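Consider the single chain below, provided in structure tokens and representing the form predicted alone.
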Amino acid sequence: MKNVLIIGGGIVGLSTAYFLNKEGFEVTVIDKGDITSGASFVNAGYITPSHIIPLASPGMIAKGIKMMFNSASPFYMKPRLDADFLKWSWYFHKSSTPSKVEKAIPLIKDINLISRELFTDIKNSGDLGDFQLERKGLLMLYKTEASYLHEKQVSERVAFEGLEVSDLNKAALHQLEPNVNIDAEGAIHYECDGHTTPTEIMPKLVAYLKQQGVIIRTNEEVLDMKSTGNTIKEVVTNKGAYKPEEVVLAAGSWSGDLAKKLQLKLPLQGGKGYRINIERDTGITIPAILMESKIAATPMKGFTRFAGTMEFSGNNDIIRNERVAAIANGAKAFYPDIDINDTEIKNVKTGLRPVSPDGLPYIGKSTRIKNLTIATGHAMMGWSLGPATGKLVSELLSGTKTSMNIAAFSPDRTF
């Protein structure tokens, strides 16, 4: 079997390693960090078939411009004269049309459903031992009629797509979540969704892969990729060089920069998210998105996580205190009895989600470089879509029929 080099040890890279290993490939994963931080560790842990509307939807650029000068806003684009960012913004604007969103909806639903089943398969296999995987759904909590009407429209489309959803008034909401005081008028309950604890799954996945003979090299950064004709011949890192038969580029927000080393254009921006963990009982048992605050709350194994914001300010791990305060205040607005203390705020962590201009991931073989497969650009659904992406890449490299038609995810698509 071929030897495959996977660049990137996030949920997408490790899921790819998992499925390729099952197919008998020799797999090496390299990551520039130590695989203990980043978007795969700080996300909300959602498995979300309900999230069928891509980020690039009508009105988002207008919202971004409106919020551009308020660095505490949930959707923040830092004004900067950067050619890649300006190009990406233009493509994002061009992708934000009703017809493009309409085409994206069934694709996002299908890949999410494949991934949801794969999470269950991985749990049932016992490969990673036991881990939290719950199907309690997702509550979209709202305070205003405007938010309710907006989400109601989405929920009707979700129901039309055959997914389970219900409408909860205040009393029904209290019945579902009796142990926490929620200041909301009601909720849309996406019963089709599930949740996990990423910080539990990631180390288990790393341990399992090593046990299976997958080579995982950490703190190793790719410096160059050398190609002859249309084939990568060598991948050079700060610690050595590799001569792989196949390369999978799954380096998250850094994938665009690495693609440039092969003269490939891969429009991508890192969208920074923040998380605050509360390691005490909050009474929250069902994941929720606090609509007006634009924050996610997830009951994880041993703690409750509040996560949120989408910040386009370049690939950095700078923590903006005003954004952290916005998460703490936003959580308090919906859960008035939960006080996030200074220590919890100080322990905030960030991660960068790789965002494509049209909100669809890049999954597919490059037409320019024959031994390169690209798997990135999942925006806020990286965790949810990790297993499905890994499975699709393993099908591509094995030459078997893919679980779904992935033409729309082509890394060579134009915007």
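Just so it is clear, the model here is predicted, and its values are computed rather than measured. So that there is no doubt, residue numbering starts at 1 and follows the sequence shown.
Only in words, not in the display: the form predicted together with a small molecule, which the text now covers.
- Partner contact region in the predicted complex: 217 to 225, out of 217 to 225, 94 to 102, 124 to 132, 155 to 163, criterion any non-hydrogen atom within 4.5 Å of the small molecule.
- Among P299, G273, P267, G137, the residue placing a heavy atom within 4.5 Å of the small molecule in the predicted complex is G273.
- A heavy atom within 4.5 Å of the small molecule in the predicted complex is found for exactly one of P357, G364, G382, P387: G382.
- Taking the partner from elsewhere, G351 is found to have a heavy atom lying within 4.5 Å of the small molecule in the predicted complex.
- A250 belongs to the set of residues with a heavy atom inside 4.5 Å of the small molecule in the predicted complex.
- By the criterion of a heavy atom within 4.5 Å, P54 is excluded from the residues contacting the small molecule in the predicted complex.
- The small molecule is not drawn, but in the predicted complex it has a heavy atom within 4.5 Å of I11.
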